[in-house]
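Take a look at this one chain, the form predicted on its own, written out in structure tokens.
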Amino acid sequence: MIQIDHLTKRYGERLAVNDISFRVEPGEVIGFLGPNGAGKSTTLRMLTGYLTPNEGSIRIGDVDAIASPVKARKLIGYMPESVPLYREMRVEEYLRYRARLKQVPSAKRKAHIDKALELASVADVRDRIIGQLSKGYRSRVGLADALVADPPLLVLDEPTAGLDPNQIRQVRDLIRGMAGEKTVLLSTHILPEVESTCGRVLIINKGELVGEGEPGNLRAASEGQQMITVEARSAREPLEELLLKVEGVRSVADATLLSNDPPVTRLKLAADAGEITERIFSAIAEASLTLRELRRDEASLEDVFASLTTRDGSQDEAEESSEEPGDKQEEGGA
């Protein structure tokens, strides 16, 4: 359904997307992950025709999306992170307008609108003015817009942002239910959402594709390291300093001070694979500290993501800040 080859995008001297290639098969639900400024949104905007790449090719089905962007857009339902809506319009009125723009045949228009309203769980506000709705409802109107033309490909950028837990569950169920019927490219920062909805994951960092595969396979591929949880009676800083000196401990992934009097700290350590717990135990014993817990944890998708995308925070610049003239998205979306 999607074939991207050697895609590159520059903003002046800054390389936002660097020679990435991947393929998405029809009916797949794919998670597209990356930290802020990694090139994720730039890639989605090129895929959906809002940005033109400097190099590379994009095919949507049998369509060259760069040579024929209008034809390619007819195959895509795009929900951007900041959903552009006409706030003065009523929900059904807006979807009717969008369905006309997307050339949904007039005889099928009402059925398409009713189905999109139902799937996005906004049928109860179909007569409400968009500007009077909550952020969560506006987000779901954007989802209904992506669905209204019944496209074979959905590109969803943070579709659950601003939703309450029940609404998030509804959107997850909707996405899972589309597997096999539609191709879905889901961009989100909520990693449990990816694990519960996506069959495969793409991870981008600093404009490059750094990980690809099923969530379970990515975790297995990260087994060059393991996660160790340590809880001991100690202040945080001296415990970190002690354990970072243990052979095989790579870094402290998380640290929590559980108690001040007496001080109790829990650390989550990224460590080399192999028998390292004995060395940690010995280090704590030699320092005359009381060990309360020591266990080896299975690496989560969050651990894999962190190991593939950890970088200097000074490089976390917003990729949207330097769009080229003419690349701005018009209100209303695709």
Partner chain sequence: MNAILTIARREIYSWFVSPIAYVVLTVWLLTCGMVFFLLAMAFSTGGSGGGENLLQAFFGGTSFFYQTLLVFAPILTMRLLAEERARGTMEALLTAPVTEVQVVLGKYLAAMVFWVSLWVPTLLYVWVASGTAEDVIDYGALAATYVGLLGLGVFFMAIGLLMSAVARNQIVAAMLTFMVLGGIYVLGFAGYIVPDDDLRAIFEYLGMWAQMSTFSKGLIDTRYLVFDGTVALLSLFLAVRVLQANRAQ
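Positions refer to the first chain, counted from 1. Just so we're clear, the structure is a prediction, and the values are computed from it rather than from any experiment.
A second form of this protein, the form predicted in complex with the partner chain, is not displayed here; the remarks below concern that form.
Engineer: I'd like to know if M89 sits close to the partner chain in the predicted bound form, meaning any non-hydrogen atom pair within 4.5 angstroms.
Structural biologist: It does: once the partner chain is placed as it appears in the predicted bound form, M89 has a heavy atom within 4.5 Å of it.
Engineer: Though only this chain appears here, would L163 touch the partner chain in the predicted bound form if you measure heavy atom gaps against 4.5 Å?
Structural biologist: L163: no, not in contact with the partner chain in the predicted bound form.
Engineer: With the cut-off set at 4.5 Å between non-hydrogen atoms, does Y11 touch the partner chain in the predicted bound form?
Structural biologist: Yes, Y11 is a contact residue.
Engineer: Report yes if any heavy atom of R200 sits within 4.5 Å of a heavy atom of the partner chain in the predicted bound form; otherwise report no.
Structural biologist: The answer is no: R200 has no heavy atom within 4.5 Å of the partner chain.
Engineer: Just to be sure I understand the contacts: of E93, D114, E231, E195, which is the one whose heavy atoms reach within 4.5 angstroms of the partner chain in the predicted bound form?
Structural biologist: Only one listed residue qualifies here, and that residue is E93.
Engineer: Name the single residue among R169, K245, R100, K108 that comes within 4.5 Å of the partner chain in the predicted bound form, judging by heavy atoms.
Structural biologist: Selected option: R100.
Engineer: The chain here is shown without the partner chain. Which stretch in 187 to 195, 260 to 268, 68 to 76, 169 to 177 comes within 4.5 angstroms of it in the predicted bound form, by heavy atom distance?
Structural biologist: Comparing against the partner chain in the predicted bound form, the contact stretch is 68 to 76.
Engineer: Does each of S21, P26 and T43 have at least one heavy atom within 4.5 Å of the partner chain in the predicted bound form?
Structural biologist: No: none of S21, P26 and T43 comes within 4.5 Å of the partner chain in the predicted bound form.
Engineer: Which residues, if any, of 24 to 63 lie within 4.5 Å of the partner chain in the predicted bound form when only heavy atoms count?
Structural biologist: Stretch hits, in order: R45, T48, G49, Y50, L51, T52.
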